[in-house]
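Two forms, one chain: they're shown below as structure tokens, one block per form, named structure 1 and structure 2.
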Structure 1
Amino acid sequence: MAKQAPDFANRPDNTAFTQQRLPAWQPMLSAGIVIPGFVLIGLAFIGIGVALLVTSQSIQVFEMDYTGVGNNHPCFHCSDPKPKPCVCKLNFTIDFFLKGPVFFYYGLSNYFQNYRKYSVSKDDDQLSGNLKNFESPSDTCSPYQRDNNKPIVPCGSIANSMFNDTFKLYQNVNATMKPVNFDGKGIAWWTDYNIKYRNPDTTPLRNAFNNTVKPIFWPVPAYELDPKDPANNGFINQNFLVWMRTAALPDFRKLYARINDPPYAEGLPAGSYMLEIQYNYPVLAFGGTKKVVFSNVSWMGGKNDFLGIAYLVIGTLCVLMSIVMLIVYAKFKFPEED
């Protein structure tokens, strides 16, 4: 017969921590503490909300829709989803000085990047430069895992649907179209560029993609995303990194470039401009729209009134609740018991 272990075999050590004898402090929440606390929290939230709202209102934004709906729209002839190169030009006027640095965004609506099967449709090992996953992409990439029995690199729905419209901006100066340069460097998160996404250690980079095919909807393979800058190719291409960080809401905008070259480093002066768009990305099939946004930023980021309004609402509710509690306490308080 097996010897039975003593009852205290699994007993915790006799220490203050394991026996729960640590000193503790339990606040006594009285009306004299709770009511002033609510008032202070409410006033703090109202102050933060006013600061956020005023700052947001000071941010300048200029946006245009270029989906191409309507016969009179300059991009109407490009909204046909047939795969053909198409260029449209938007002439517009900015009536105010848009302070720099100016950020240029593209925006999409009714586009659900937060759909779970879409957001997980990628191979993280492949995107970190693992050549084994070039040959055998993860099953999470399905249905964009292989094409004609060849592995797709980069695989998955997110990469396959990468936004590929391109833009060129010109200012009309004395009937001469003066180019306004876009700077696409440093627009992605530092962690994405330096840690999460890596190119394979193969020179030249194109050799790493041997016996693979590009994503079905891409016009060029990953190692040719930026023919002007060899360091901006593969999985560390800035526009690719921005696209791969999926949006939480169906209506979103993503950074395309900055405008920080002289003489536009201080901002875009009032005047006439022309935006030349290579229209490649179809959106009408799912009821979406496309727009471009010129904006500057502040210490809190881009224009967003919601955060300031949320702080104001919560702060106001705290102050109102403190008033209600004060009235209830004054009317129904009971004498302290001995």
Structure 2
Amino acid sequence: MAKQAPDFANRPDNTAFTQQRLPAWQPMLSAGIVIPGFVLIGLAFIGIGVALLVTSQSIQVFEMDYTGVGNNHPCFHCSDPKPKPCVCKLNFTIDFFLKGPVFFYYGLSNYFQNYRKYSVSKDDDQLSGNLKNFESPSDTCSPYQRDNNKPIVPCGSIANSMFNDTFKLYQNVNATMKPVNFDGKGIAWWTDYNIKYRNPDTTPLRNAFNNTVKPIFWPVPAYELDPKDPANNGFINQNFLVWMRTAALPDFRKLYARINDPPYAEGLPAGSYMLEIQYNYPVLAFGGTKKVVFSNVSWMGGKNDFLGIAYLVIGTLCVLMSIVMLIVYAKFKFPEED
């Protein structure tokens, strides 16, 4: 009936997009999806939770506090910061076979490595071996930027506060102290000692540190951190790297060494041991504690029961909720047709 169509110049395009007819999946929270979904998720979570918990339970951990609180603690005499250096010996007995590979950690608590001003107090350029920043460290390092007008290398609070207790472990075998070798390498991230932290190209390394001073709290300059291994010095000293990877939370543990020399590579046999600690690092002043931890690991890392338990709890809740939903659905079944 239409008269000769004028021209429909203004007629909108007839596409699915402009007409809002794009094909679409329109999911709904229907009983058929939600209830089986909950059951499945619940069962899967219970399975994961059991696996995690079993794994976590299988990890052996042996830890000791050595802050030195209390008169009868062997390290008590060292807890007073004045006499330095101070060595304390910690005798202990492991009454199970600590399966290897065993990792040796030190742990600090109430230590705020995540305090913002602390955690930014470093110079990434300097630590990646940029000599310009040796001369003039970045402002972020303040107040550990310069000492007597000489640039501090490595500058900043983190480096300055590097943990400097040292440990030696002996197994008491028939009253003789048999040393257990600590391997202080392979404890930091590959990216840290290959990419992020690099020494300047200068050889010998110490020349790069001319006209700089060591961090105030450090007994030795950076290029002498590991007297035994020249390659483990400067910014790529692995203990330094571990320290520089600041912890997320105020209670943390950091890897000190691995025990992977025979015969202890298989594990630490049950028996009595003696840990010789060079006690340098003051923590009592701020209410912190120090501890050492022997632990092995699994595919899921260190011992942590929480994840397993959480999975179990949530999985169970899911299953329970699905039952509740089923009851509700059966009772108040929402009328399909209107």
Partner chain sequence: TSTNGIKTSKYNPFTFLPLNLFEQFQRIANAYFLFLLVLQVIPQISSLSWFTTVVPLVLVLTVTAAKDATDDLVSKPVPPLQTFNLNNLFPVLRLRSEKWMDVQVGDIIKLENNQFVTADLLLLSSSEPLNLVYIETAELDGETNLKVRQALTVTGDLGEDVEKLADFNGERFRMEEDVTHFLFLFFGFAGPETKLMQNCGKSTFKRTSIDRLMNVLVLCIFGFLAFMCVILAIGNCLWELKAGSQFTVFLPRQDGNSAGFSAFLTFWSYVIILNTVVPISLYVSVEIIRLGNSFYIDWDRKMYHPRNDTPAEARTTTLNEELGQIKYVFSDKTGTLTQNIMTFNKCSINGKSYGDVFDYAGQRLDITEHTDPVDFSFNPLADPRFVFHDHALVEAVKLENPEVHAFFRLLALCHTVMAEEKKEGELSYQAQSPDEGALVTAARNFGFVFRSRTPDSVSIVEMGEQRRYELLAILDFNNVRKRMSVIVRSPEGKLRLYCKGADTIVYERLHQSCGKLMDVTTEHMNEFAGEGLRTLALAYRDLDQEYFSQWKQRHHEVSTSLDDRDGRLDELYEEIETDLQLLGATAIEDKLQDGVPQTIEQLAKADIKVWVLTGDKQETAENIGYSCNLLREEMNEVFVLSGNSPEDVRRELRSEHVGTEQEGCGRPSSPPGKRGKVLPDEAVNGEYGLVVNGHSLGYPLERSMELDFLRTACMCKAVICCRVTPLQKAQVVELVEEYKQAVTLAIGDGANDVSMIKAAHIGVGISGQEGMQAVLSSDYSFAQFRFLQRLLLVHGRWSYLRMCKFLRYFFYKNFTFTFVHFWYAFFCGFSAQTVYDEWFITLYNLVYTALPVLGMSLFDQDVNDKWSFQHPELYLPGQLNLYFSKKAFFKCALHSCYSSLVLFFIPYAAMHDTVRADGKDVADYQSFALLTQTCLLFTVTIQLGLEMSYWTAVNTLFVVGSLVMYFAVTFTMYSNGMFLALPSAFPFVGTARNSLNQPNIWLTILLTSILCVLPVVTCRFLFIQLCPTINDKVRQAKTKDPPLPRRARIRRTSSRRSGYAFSHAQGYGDLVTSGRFLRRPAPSRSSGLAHAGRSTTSFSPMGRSAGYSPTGRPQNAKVQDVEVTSLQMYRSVRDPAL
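Treat the numbers as computed from the prediction; the structure is a model and nothing was measured. Throughout, rigid core stands for the largest set of C-alpha atoms superposing within 1.5 Å between the two forms. By convention here, residues take numbers in order along the sequence of structure 1, the first being 1.
Undergrad: Between structure 1 and structure 2, which should be identified as the form predicted on its own?
TA: Structure 1 is the one predicted on its own.
Undergrad: For residue 24, what C-alpha shift in Å is seen between structures 1 and 2 once the core is overlaid?
TA: Its alpha carbon moves by 3.8 Å.
Undergrad: Once both forms share the same rigid core frame, by what distance in Å has the CA of residue 14 shifted between structures 1 and 2?
TA: A shift of 12.0 Å.
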